[in-house]
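Consider the single chain below, provided in structure tokens and representing the form predicted alone.
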């Protein structure tokens, strides 16, 4: 069963086309980079995947569940990290995750075990008692990813999760999420930065609402650096 499958997905804001016949598949345990410049349609796609907006055009399946016909089952299989930080700065890391666990109907010792496991996955267990405000940007992001893992989702969505982070934090977050994919989670990682994409990653290039390329990053790059190929495809090289 695929983690995520989209076919013929379109969306319009009035006369503006934000997505035009978009389709691709993220297999189980695969890291898929959704690469596109600002305004390409990445955030609109994430809004559709999380049901913040809906469209009658196309089909979206999450872990085999049609998001239009079985929205609760589909959304229950998703873990989401949005572009904007959403931690409560005045709560500790554990308190943030405990609150989120309660929203998923998790409580007591089982919730705390799940919190410990998720924090351990992100090397954040020793910071569980620290307030979110005291963490640097990279560790706040790790806490948010741990929060998204609490209910053991099949698919993890990350919308430009390294925005505003320094180079070392960006690299660490990227490494952690690749490891999560290796563990069996399907990952869709939206970015405009080619250096976050590995040669063997599944890569989807989105530009002006349409998919320009879909394959491994190595095959798409071909005989040139991925950045140069990306700039060439999107017309940014001129």
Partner chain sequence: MKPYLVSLYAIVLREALRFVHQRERFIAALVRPLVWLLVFAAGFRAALGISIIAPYETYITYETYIVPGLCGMILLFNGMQSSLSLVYDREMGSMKLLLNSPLPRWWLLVCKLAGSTAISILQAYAFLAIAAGFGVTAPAVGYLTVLPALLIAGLMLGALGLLLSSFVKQLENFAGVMNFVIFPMFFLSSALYPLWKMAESSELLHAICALNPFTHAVELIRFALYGQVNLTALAWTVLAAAVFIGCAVWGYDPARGRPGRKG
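Everything numeric in this text was worked out from a predicted model, so none of it was measured. Positions refer to the first chain, counted from 1.
What follows is about the form predicted together with the partner chain, which we do not show.
Can residue 42 be called a contact residue for the partner chain in the model of the complex at 4.5 Å between heavy atoms?
Residue-level check for residue 42: yes, a contact with the partner chain.
Residue 147 versus the partner chain, in the model of the complex: is there a non-hydrogen atom within 4.5 Å?
Residue 147: contacts the partner chain in the model of the complex.
Evaluate residue 166 for contact with the partner chain in the model of the complex, applying a 4.5 angstroms cut-off between non-hydrogen atoms, and reply yes or no.
The answer is no: residue 166 has no heavy atom within 4.5 Å of the partner chain.
Under a 4.5 Å heavy atom criterion, is residue 86 part of the interface with the partner chain in the model of the complex?
Although the partner chain is absent here, residue 86 would touch it in the model of the complex, with heavy atoms inside 4.5 Å.
Pick from 50, 174, 30, 194: which residue has any heavy atom within 4.5 angstroms of the partner chain in the model of the complex?
By the 4.5 Å criterion, the partner-contacting residue is 50.
Which among 181-189, 194-202, 50-58, 166-174 is in contact with the partner chain in the model of the complex, heavy atoms within 4.5 angstroms?
It is the stretch 50-58.
Would you give me the residues of 60-92 that have any heavy atom within 4.5 Å of the partner chain in the model of the complex, in order from first to last?
72, 75, 76, 80, 82, 83, 84, 85, 86, 88, 90, 91, in sequence order.
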